[in-house]
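Single chain ahead, written as structure tokens, the form predicted alone.
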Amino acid sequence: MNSYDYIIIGNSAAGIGCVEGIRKMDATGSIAIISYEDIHAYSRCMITHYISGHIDEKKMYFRKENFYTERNTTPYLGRRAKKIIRSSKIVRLDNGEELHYKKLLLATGAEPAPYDVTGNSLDGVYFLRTAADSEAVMNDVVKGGKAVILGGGLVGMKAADALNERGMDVTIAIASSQLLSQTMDRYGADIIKNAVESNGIHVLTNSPVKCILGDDHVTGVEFESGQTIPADLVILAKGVRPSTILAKTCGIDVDYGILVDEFMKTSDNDIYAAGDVAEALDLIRGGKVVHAIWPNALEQGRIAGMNMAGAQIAYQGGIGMNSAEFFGVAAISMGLCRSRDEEGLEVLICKDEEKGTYRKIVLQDNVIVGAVCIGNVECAGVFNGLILNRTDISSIKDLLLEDDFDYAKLVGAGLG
């Protein structure tokens, strides 16, 4: 049996961040990293760019190809962790091999939320989470064919953009009344919807699915309204949920995600969790939340790794943040920015319909707790910093909506 000082289950942002965190504290301890995907560490954010043809596989890698050897880390790629035996500190792999650990990180990420409708397993119906998923989609792309995206979140929107670029006739269908309902307010979502539709993508709102049609291969989608549209390819993009099965079966405390303390430690003192699977401190709300976004995962993994190697560094908390560009319209949202989050809070808004720009700042007791920037997004980094630092902005409140608001104005006000 191979034994390691540190074992990491997961080879994406949190897992790689953990390797780097460990090596900050421990230059020689043995590390193994396990992933069911047989591919070098890559960015899931890039798979739609891969589908569109803008990049090849290696352009998805977010660390150099010699990353593992440089950091004396043993990769077990194409191997799935099937069971954790806490009493003997063993991880059992799908081929029966057992690995012993001293400290373990669960960076198992998230998995697609189920889409329970008839026809969801037909050929030509895909989730879009992994590099293998993107390969399968690419093999089914037919120029001039019809694609239906069921879901209007970031994954669905980016998939629609990529398939549109590949020459498919694309429809986005959502059960809710707006696109990006989990990350954007209505006005911002409508700006993006206009940009999407002006580039030939159809958007159906308030359209819950009844079933996906076809015998062996998908032929269409039928909605509860009775409307039917043809489809050669369907992507299920309802969102993701934390992949907690390993934690649950070994008895670690799990709520929606794996519960961790401020040091990213689980209810087992030798097991940590980070990334899209971890339910960690939310900087704004104060409770524990799963923030399934890349920067948080990387930071949580780094802190977990340092603490696994003997540090005592507290995670200060994260916020929800999403950034994307749709047909030339840049959009960033962060913190509490949906309409249903704003009750009892102060909201500042500036919009220019002619320029297609929109800015919204959400305040609680003169501290920014949320923001939306569309069109002009140069100031988004400054707003993010003000949120993370819990800065009192009462002295610059009248400047926040100005087009040229930037870090220099913070410095001028003595806040930089």
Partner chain sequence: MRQILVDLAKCKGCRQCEKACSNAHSATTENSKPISRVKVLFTRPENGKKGSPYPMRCHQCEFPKCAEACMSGALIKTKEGIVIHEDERCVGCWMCVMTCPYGAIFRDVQRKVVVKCDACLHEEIPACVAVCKFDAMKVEESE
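Note that the coordinates shown come from a computational prediction; the quantities given were computed from them, not determined experimentally. Residue numbers count along the first chain shown, from 1.
Absent from the display: the form predicted in complex with the partner chain. The rest refers to it.
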The partner chain: the contacting residue among 39, 348, 367, 377 in the predicted bound form [heavy atom, 4.5 Å]: 377
Contacting member of 219, 164, 323, 181, with respect to the partner chain in the predicted bound form [4.5 Å, heavy atom]: 323
One stretch from 330-338, 81-89, 228-236, 181-189 that, in the predicted bound form, holds residues within 4.5 Å of the partner chain by heavy atom: 330-338
Residue contact check: residue 279 to the partner chain in the predicted bound form, 4.5 Å heavy atom: no
Heavy atom of residue 29 within 4.5 Å of the partner chain in the predicted bound form: no
Residue 147: touches the partner chain in the predicted bound form, heavy atom cutoff 4.5 angstroms: no
Touches the partner chain in the predicted bound form: residue 363 (any heavy atom, 4.5 Å): no
Check all three, 35, 102 and 288, heavy atom within 4.5 Å of the partner chain in the predicted bound form: no
Members of 377-392 lying within 4.5 angstroms of the partner chain, judged by heavy atom, in the predicted bound form: 377, 378, 380, 381, 382, 384, 385, 388
